[in-house]
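Form predicted on its own, single chain, as structure tokens, below.
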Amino acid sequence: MFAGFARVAAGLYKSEQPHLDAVLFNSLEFLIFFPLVVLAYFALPYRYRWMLLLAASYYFYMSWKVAYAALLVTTTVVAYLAALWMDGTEDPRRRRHYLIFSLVVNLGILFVFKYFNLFADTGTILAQSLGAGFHFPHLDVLLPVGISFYTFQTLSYSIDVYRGERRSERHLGIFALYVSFFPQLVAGPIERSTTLLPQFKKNFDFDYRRVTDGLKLMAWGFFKKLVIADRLGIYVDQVYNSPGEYSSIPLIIATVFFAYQIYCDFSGYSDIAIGAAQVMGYDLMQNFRQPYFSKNIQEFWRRWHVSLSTWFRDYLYIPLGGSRTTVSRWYLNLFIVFVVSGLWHGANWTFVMWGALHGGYLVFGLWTRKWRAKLASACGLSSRPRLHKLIQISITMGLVLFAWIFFRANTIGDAFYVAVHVFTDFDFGADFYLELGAYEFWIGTVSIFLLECVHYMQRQVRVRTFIAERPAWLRWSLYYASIMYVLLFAEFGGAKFIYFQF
């Protein structure tokens, strides 16, 4: 087994280049790939469709690097066999051993390719600080795209089978498709086997309304990614790659822009993935629900990256004891979950700090809940709910923005520099447009405003249904105007989605 991992690692050295052109959602290759897959999907008889989707999914993934497929196959086969073995015995010890086998192998792969260098570097620093000259080895390997997503998907399957919440999937091809389904393979949503696996055994006929709804959602995702995220990313990268060169105003703008960049980048991917699956008949879970309208951190995490937050709730928080324990242990459970969530996002202590901040926010908010309610009542906010809500949203957004500094910063040192200088180094005469320029800056700002207008509508109505019920002339005018807006103002640079690195 270790020799096999070594061969896989040898194929993932950073010096090697991808064999094929990667099929990014925002690439010309995808504009060819996806329609061909959809046409073939509906042209084929039902019994052959899983084969098409499995082949398309592996092509999609191998277009990044052929060697990536070895890890995907390993993860799939291990989870598949472990589940079969668990279902084949009623002995609790043997079932637990098979579960541990699946967890160790899959988490071991994730550790080697994602976290080994982080812990090796940290160990080297600790050894040197103690006067030892020992250096831990460093692996010069690429991080396989999507490894955290499909690993967590297979882990949830193994745990569900162990808990008896589902039977093992006997059809290896269908299970492999569940792990590798191309719309959500590399950046989620992280789907549960109990909801996605049964869908691959259903026959979906062509449905015009479903197809057009899926395409509309994909278009909305492209707007987020191409018009907002990739444009704002130009400004964010300039500032955060050299934070010491900038004063408070550019640092504040870059932090706000990053909040919308990462939201539009990630939720844009989710919209495209959900829409693409919907075109073919499959339902993926909603991953974002207007998170920047949250009134507190707890609500924020019910709206942000829902598939991950619910995964940690079900497979880490509840097993730790959840809230059914002492208050201090409850707080500790919450904090642990958020620190682990931060580590899941990346092999850098900046992400751990980001997770710890959110864990601290949540614990502090729960601890002070009664006092804050009394303060709000004493200030008369109880009788002014709209003002109270606006204040809550503003405070929550401020806390989220501060945490985003650590998420985006390249190093802990950079993060602390930004965290200090956003409050202490104001220079109102400095040029804050930077290389982005005034024209592109205001296109991005206006696009954020339009985004939030739609989000506000989504809190009241389902926007796609609302538009579909308008008169034909208005409906098609909106469609054409939206398409022209994207075509005119999109950044067609082929920038990768941020969450591909996780």
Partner chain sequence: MIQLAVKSIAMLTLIGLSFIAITLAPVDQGSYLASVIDKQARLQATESPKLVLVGGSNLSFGVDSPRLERELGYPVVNMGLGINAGLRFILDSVIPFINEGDIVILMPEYHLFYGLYEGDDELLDVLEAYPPGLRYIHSLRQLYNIARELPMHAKLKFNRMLRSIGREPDTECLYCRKALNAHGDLMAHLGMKGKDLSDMQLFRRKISKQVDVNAVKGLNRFIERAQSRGARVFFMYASIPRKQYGENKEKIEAVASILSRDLEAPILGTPQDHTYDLKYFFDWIYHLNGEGRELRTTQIIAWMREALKK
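Source: prediction; values computed, not measured. Residue numbers count along the first chain shown, from 1.
Omitted here: the form predicted in complex with its partner chain. The next part is about that form.
The partner is not drawn, yet in the model of the complex one stretch among 206-214, 406-414, 136-144, 314-322 has residues with heavy atoms inside 4.5 Å of its partner chain: 206-214.
Judged against its partner chain in the model of the complex with a 4.5 angstroms heavy atom cut-off, the residues Tyr439, Trp476 and Ile483 are in contact without exception. Using a 4.5 angstroms limit between non-hydrogen atoms, Phe30 is distant from its partner chain in the model of the complex. Looking at Phe42, you'd find a heavy atom of it within 4.5 angstroms of its partner chain in the model of the complex.
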